[in-house]
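Just the one chain here, laid out as C-alpha cells, in the form predicted on its own.
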C-alpha cells in the first residue's frame, strides 16, 4: 500500500511562492492502476517526482509498505529506487544506444550477469512487441516504439511500482490505444502497482481502477473511476469530462 499523507511542496518563482502540492492525502492499494488527472500546473508531475524521490517535499510523507521513503538513505534508498520503474514524458531514451542497450542499461548498472541480462531483455522485447528492433537506435523508431522501449526499460528490474508521466501525450489515437492495452497487460501479467499522471480523461476511462483529480495542488475529488466519472462533484472534473459547469 502507498499512503501519501499531508504532502506539501512549494517553489519560489520570481519572488513568488507557488504551492505545487497542498496537503495531498491519497491511499493507493497494491496492484491498482491509479490515475492522477488535472490540467497543466495542477501539481501532477511534482507528485510523481516526489513518489520517485526525485523531489523532496516541504512537509508530509509518502509511506510505501510502511516505510517513509523520505527517511531512506544509502543502500535502503538505492534498493527502493531500483524497485520503482519510471516512464518519463518524452521517453528519455539514450539516443547513442540502441534499443537493446537502452533496456539493459538499469541491469548493467546493477552489475547483473550477462546471461541474466540477455534473458530478461529478450523476454521484455517479446512482451512489449518489439522483436527485431533490438539493434535499432531511438532516432529510427516511431513514437510508439520509443514508448515501448521506455516501458521495457522501466520493467527491466522487476519493479513493484511503475510510474507513468503522460504516457500517451505525444501519440496518435491508434498508438495510444495500443499503449493503453500494453499498460493493462503489464498490470495483469506482472501484478505491478501502476500510477499514471495524465491530463487525458480517455486514459483514466480505459485503464485505471481509481482516480484522483488535482487542481492547484489540491485533491478535489477521488474514488473509483466509475464513481468519479459518472457523478463528478467538482467543477474541474466536469471541465475535464467536457460537461457544462455549474456556476
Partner chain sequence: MSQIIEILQRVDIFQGIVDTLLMVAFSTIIAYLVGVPIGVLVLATEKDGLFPNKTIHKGLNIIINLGRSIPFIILLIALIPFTRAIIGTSIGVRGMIIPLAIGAIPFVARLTETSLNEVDKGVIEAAKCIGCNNFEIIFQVYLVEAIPSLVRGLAITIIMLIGYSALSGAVGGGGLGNIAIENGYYRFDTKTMLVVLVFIVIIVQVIQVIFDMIAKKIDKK
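Keep in mind the model is a prediction, meaning the values are calculated, not measured. Residue numbers count along the first chain shown, from 1.
There is another form of the same protein, the form predicted together with the partner chain; it is not shown, and what comes next is about it.
Among heavy atoms of residue 118, none comes within 4.5 Å of the partner chain in the predicted complex. Not displayed here, the partner chain is approached by residue 139 to within 4.5 Å at the level of heavy atoms in the predicted complex. Interface residue remark: residue 106 is counted as part of the site for the partner chain in the predicted complex, having a heavy atom within 4.5 Å. Although the partner is absent here, residue 94 sits close enough that one of its heavy atoms falls within 4.5 Å of the partner chain in the predicted complex. Three-residue candidate spot 178, 181 and 205; no residue lies within 4.5 angstroms of the partner chain in the predicted complex by any non-hydrogen atom. Checked against the partner chain in the predicted complex, the candidates 122, 82, 160, 169 yield a single residue with a heavy atom inside 4.5 Å, and that residue is 82. This chain is drawn without the partner chain; in the predicted complex, the residue among 215, 52, 198, 45 with a heavy atom within 4.5 Å of it is 52.
Contacts of stretch 148-169 with the partner chain in the predicted complex, defined by any heavy atom lying within 4.5 Å, are made by 153 alone.
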